[in-house]
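The form predicted alone is given below as one chain in structure tokens.
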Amino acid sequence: MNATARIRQGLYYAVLWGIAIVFFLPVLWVILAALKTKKQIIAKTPVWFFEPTLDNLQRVIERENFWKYLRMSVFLSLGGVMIALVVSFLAAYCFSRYKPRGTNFLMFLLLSVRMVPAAAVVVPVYLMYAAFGWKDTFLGMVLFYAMFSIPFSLWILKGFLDGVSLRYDETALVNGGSRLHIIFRVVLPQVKPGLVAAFIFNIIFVWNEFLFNYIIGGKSVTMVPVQLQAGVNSGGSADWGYIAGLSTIYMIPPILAIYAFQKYLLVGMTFGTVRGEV
């Protein structure tokens, strides 16, 4: 590699690191604020060198109902996304293999659900849930998050399934395999990266969702983002130490999940098209 190529490569990585640092700065501020005292957080001049304290994190853990809200976040996120993955995989197999008339339009129609701002549909969703008696119920919130996770999961998984050759299906059929055997024992292992990518993308959405949980979840089905909003309005002023501590703890699970499965995310963002036919 000549000198020009090395300089170009160095500039390329410097720009990438610069962009990454800029996007990471708000996260760094939250983490540092969680380890500061109240005076250090609201100081006019930013305090970069300080003795860390765990008081904010301890206050969060000892807060009433914190563990209840955290468990609710885990159960709602996992429950909604897992249901969505099962439904999306079966629907994606149908669209990919049988290609019903109007497939492209149906795919666009399904994805358009995610294009609508949440605030625009919160009133009709509230009225529907109130009419069906689903408001303030765990099952109602799980079904809601599954409904909102299905369109994006379907798009990702259809891209992966389109990259899996029909020869797998034909070979299994010739050898006496049933359709269920083909779907779950032959095709499913080929699209595991797509399932993981869809899981990560949707779990982040559900994990951080606030509006619908606040409106139709109610006190009995409350997740941590709603508790975070309560901390903002605590005592008539924002309790920044509590907010930073709660945010730091709440960021840990998705960060670990993204780090563990990061190799699948790039493939997922390209909807499986980088794989080609296998």
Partner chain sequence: MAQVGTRRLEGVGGIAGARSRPRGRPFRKLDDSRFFPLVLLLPILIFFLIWNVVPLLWLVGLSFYRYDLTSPEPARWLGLDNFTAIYNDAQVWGALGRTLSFMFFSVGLQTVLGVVLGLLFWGSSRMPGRRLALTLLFAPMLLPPIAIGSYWRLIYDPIFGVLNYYAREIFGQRYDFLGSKDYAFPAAVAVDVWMWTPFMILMTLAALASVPKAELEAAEVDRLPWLKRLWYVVLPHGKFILMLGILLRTIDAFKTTDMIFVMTKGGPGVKTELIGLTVWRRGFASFSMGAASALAVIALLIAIAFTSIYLYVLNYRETRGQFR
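What you see is a predicted model; the values in this text were computed from it and never measured. Numbering follows the first chain given and starts at 1.
Here the subject shifts to the form predicted together with the partner chain, a form of this protein not shown in this document.
- Contact between residue 179 and the partner chain in the predicted bound form is found at the 4.5 Å heavy atom cutoff.
- Residue 229 belongs to the set of residues with a heavy atom inside 4.5 Å of the partner chain in the predicted bound form.
- Although the partner is absent from this view, residue 67 stays clear of the partner chain in the predicted bound form, with no non-hydrogen atom inside 4.5 angstroms.
- At the 4.5 Å threshold, heavy atoms of residue 60 stay clear of the partner chain in the predicted bound form, well away from it.
- Contact annotation for 36 to 54: residues with any non-hydrogen atom within 4.5 angstroms of the partner chain in the predicted bound form are 41, 42, 43, 44, 45, 46, 48, listed in sequence order.
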